[in-house]
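Given next are two forms of a protein chain, the same chain in both, each as structure tokens and marked structure 1 or structure 2.
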Structure 1
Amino acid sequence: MNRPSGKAGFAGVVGDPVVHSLSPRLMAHWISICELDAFYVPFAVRPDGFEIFVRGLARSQAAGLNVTLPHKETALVLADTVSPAAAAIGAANLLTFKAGAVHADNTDAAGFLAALEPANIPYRQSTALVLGAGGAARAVVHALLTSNISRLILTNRNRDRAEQLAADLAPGAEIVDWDERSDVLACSDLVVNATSLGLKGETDLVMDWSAVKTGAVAFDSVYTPLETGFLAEARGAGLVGIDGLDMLIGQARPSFQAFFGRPAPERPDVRPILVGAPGMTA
């Protein structure tokens, strides 16, 4: 365990609640590997105190904050400057501080692409089906568009939200009704669960996997549990399955770089540290 000095740099994650966040465990691992004079703290802050908390911290020696629910939209609004990714997605999960000013960024899209890297998807020749239209779906859609995905199909239980997402981010996207979501599996190279279905305590995202494309990839943004019903069934149907933990790690890497001025170490792998966290089930 590193012992921070009086000159220690620090950053944290702010949410309400924040007790389930894996970020402190993840960042502590990297801080320790790099032997940094730094620490990373979870902050439970209620919405009515969020802005004053951020403004105050920005005037301290803090490097910045990761932001989790329910503050991601407010974080974007209160920031003095905003990155193109955060502006497009409409939410910020990373705030950095410089001379009292607050800069908002969103690294969820980068995290999603990092998780998919091992699958080597040829985006320019691929069709992606994105299920969901909330914050995670917006980050996924932004990532796919910046990767020049050839064809994008969106579906959401509430169709209006999918249409709004398309209007905001992806005017060329096709929208299918939620009840017809399985009909487009036969032409989908990438299938993304960006809904909260499958989260511990929620029902599973059910698909009819009887007609799928050979070599297709299924990604689940959910990571508690790691093996959702959606992923298990996709793997059973022959798809390559990728869970949401790699996206979580992928979104944290640019944060670590922004806070501590150096890349997060690749080795030893942080994944086993997170899989062993209380509340995680493989």
Structure 2
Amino acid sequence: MNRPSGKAGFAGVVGDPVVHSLSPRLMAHWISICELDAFYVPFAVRPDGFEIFVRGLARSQAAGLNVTLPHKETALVLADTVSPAAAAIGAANLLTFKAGAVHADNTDAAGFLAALEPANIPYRQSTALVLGAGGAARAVVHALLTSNISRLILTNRNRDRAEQLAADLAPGAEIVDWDERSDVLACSDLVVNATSLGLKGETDLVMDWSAVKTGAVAFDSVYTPLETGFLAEARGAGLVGIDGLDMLIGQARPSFQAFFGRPAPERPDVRPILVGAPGMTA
């Protein structure tokens, strides 16, 4: 691996916490393959310091930032310009800098659909249950609506946030109370965990899978650990389980292009590099 010079371009990922993020490992792998004079680093920033951090970094030689929990909605608000995708979703996972200005974009929706491709879900005939109402959930809902999902059900620990998500993006969506989330599994073809539950340091997302629909798909946006309790129990109940790693890779490709001005390498496959990271399990 080449050592970056004093002229190196750089980017990073910002969150609170950010220690779980595999983005630095992923981006470093691609940077090395492309032999770029660049580097990519994680930044742990509390919500009360987020805006001043971003504004300061935008005045440096940084190319931009990937944004993770809990900053995605704030990232959109502070941006000087916003892409149509980020505006529609109401959250940003990608900030790019130019002459001190901040541009917000969202690549999470595209990453989510890329991760689901192998499942070949017939969206027009399907019902989706989305758990969560934050930035990740907003991207998932946007992706499902643009895929013409037949029926959308939303639930969140704070019902008001689920109702706000529906009002903003999906007025036709159904809302169920968090305590009743398992009651709609019998009619759900796709079940999406878009919360932080199951992330290292968080408790698992518990569901009663006893009445689950045959042939349903469970997707978890969490990827550390790779096999969450949510996914393990869903697979044990006979569902097709998809972890969040392919969503991470899918959303990172356009970020790499935006930061470093060239496409992310297609080969070699980066997934084995990420699965081999400390603390990860296949």
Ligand code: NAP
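Keep in mind that what you see is a predicted model, and the values were worked out from it rather than measured. Numbers follow structure 1, counted from its first residue as 1.
Note that the form predicted alone is the one shown as structure 2, not structure 1. Rigid-part rearrangement between structure 1 and structure 2 places its hinge, out of Ser196, Leu248, Leu36, Ala62, at Leu248. Relative to the larger rigid part, the smaller one has turned by 21° between structure 1 and structure 2, according to C-alpha superposition.
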